[in-house]
Ligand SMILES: Cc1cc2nc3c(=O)[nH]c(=O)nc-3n(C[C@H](O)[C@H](O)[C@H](O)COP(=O)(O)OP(=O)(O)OC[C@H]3O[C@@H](n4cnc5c(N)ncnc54)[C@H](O)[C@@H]3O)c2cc1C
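The chain below stands alone and is given in structure tokens; this is the form predicted on its own.
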Amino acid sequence: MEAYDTIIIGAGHNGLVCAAYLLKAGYSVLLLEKRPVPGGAATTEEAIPEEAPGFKFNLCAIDHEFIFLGPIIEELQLQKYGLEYLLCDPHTFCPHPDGKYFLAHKSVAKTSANIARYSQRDAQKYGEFIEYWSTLMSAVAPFFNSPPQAWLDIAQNYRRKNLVDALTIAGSKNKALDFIRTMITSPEDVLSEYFDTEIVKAPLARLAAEIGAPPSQKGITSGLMMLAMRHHPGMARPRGGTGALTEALVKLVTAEGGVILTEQMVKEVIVDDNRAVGVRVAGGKEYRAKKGIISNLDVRRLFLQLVEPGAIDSQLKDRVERRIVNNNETILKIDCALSEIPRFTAYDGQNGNEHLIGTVLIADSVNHVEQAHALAVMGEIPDANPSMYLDIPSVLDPTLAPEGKHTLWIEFFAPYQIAGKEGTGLQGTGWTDELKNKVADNVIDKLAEYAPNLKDSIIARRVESPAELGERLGSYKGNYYHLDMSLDQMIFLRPLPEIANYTTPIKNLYLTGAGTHPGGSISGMPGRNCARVFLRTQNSIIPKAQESIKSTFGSWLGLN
């Protein structure tokens, strides 16, 4: 049986980040990935090779923001392994049916000037809005780069600016209470407090709802940070697509002696005397882990499918099965190879195609965004009047398509389980090839209302239903965040309070990935934080002392 110090289940970007830190600390690492390529949700692939050779598509993640809030790129020296980021500026374009449009640059002043064409008040309030959320982001950023229950680590992360910003946000009784109220209200309410026009409110609501819930839902206002981060520190994409980040991490991991095996689906975590000792993959081969096993999967699949029933107590199993929330919302993904760039009639074209460098949002109003999410949560497909998030990444990075051609990336929120179609379609979700293509047709029809040349420019397309996305990524109910990113499942509550610090009741079994703090998106923070917890466990006498105390005095203290 092959043996390694650590085995990481899943070679997504968090698993690769975690592996890099462990390898640099001198531990041997094996990563096991079920797909033919590493990267998980962070891949760039020629997904339509026969009909559209030479077109490269980001099959899930595309726009990077959170990774710039941490030190991973610098600490791992990823530039040495070929990683180069291209700044998206402008970063957000939202055309409206009446011919107006929202266009946001990295510069807040430039963005406000664009808004002033429609509303002087909203232009002024936009600056105040971004200032508040940027200050809040600075105040909480130290939490992201530490294990969520490691209070000393969090405190050590604070620098003078973080402390000043924390005092600005919550440095008095009234400020603190106002902050609490802001966090437990809804994005829709906050936006109505600041702005008058749909030209501003609609795109901000659409970005806030990227967390995966309607903008009217209480407790998801943290999603309003999405636009603020596009100003500070900014939004960018790796040259060559999101997969270029994975490629850099793979080069680093292999250079440090790590082993990555693809097409190796882990079927069981082997537990002996409450200690994770190895894994068994499809086909029966076993690998031994001398120090630890780190799961990059969501905790539901880990505890309910890969760990034998008696390995965790029934109370925790029940909480994993019933307490963790997934609201049935995921995405239908459309990738298109285009013969020419989409021409949006709302844009005056004075600066060429700069409006297409970043994200394009189809969000006509806050209510339009609300329907897009609320209907999906209820199991209905919101394709009668689709809202969507799309990118034309080849505008910024021509290496993704043949010369003069372009790629189109569309994210459309849809239900994983279609109401009334239980037991039919793929995995009983109701999704069929015929249905997914019909929905994609409706989405393209809507987009063509804003860019009339779109339909005739499509060379080929690939449509992936929510059920197919879930199968490819191995994510529960197609949730690429592993579990909803609502306030009750964040920071020291993610995925549950008792397993929120990357450790589990099974010795030597650790958690990382989107289902752990600080959550989904491209950040690498769950991987880095998990590695720190693992290394501290290995190098500290405290855990050994705790085990000794527990074994000696456990019965008296009520610990056994």
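Residue numbers run from 1 along the displayed sequence. These numbers come from a predicted model, not from an experiment.
Not on display, but discussed next: the form predicted in complex with the named molecule.
At the 4.5 Å threshold, heavy atoms of L30 stay clear of the named molecule in the model of the complex, well away from it. At the 4.5 Å threshold, heavy atoms of I9 reach the named molecule in the model of the complex. Within this chain, L304 is remote from the site of the named molecule in the model of the complex, having no heavy atom within 4.5 Å. When contacts are judged by a 4.5 Å heavy atom cut-off, H373 does not count as touching the named molecule in the model of the complex. Each of D63, Y480 and A514 is positioned with at least one heavy atom within 4.5 Å of the named molecule in the model of the complex. The partner is not drawn, yet in the model of the complex one stretch among 529-537, 22-30, 54-62, 499-507 has residues with heavy atoms inside 4.5 Å of the named molecule: 54-62.
Only one of H406, K436, K333, K201 comes within 4.5 Å of the named molecule in the model of the complex through a heavy atom, and that residue is K333. Contact annotation: of the candidates I381, L224, L297, A363, the single residue with a non-hydrogen atom within 4.5 angstroms of the named molecule in the model of the complex is L297. Along 461-477, a non-hydrogen atom within 4.5 Å of the named molecule in the model of the complex is carried by L469, R472, L473, in order along the sequence.
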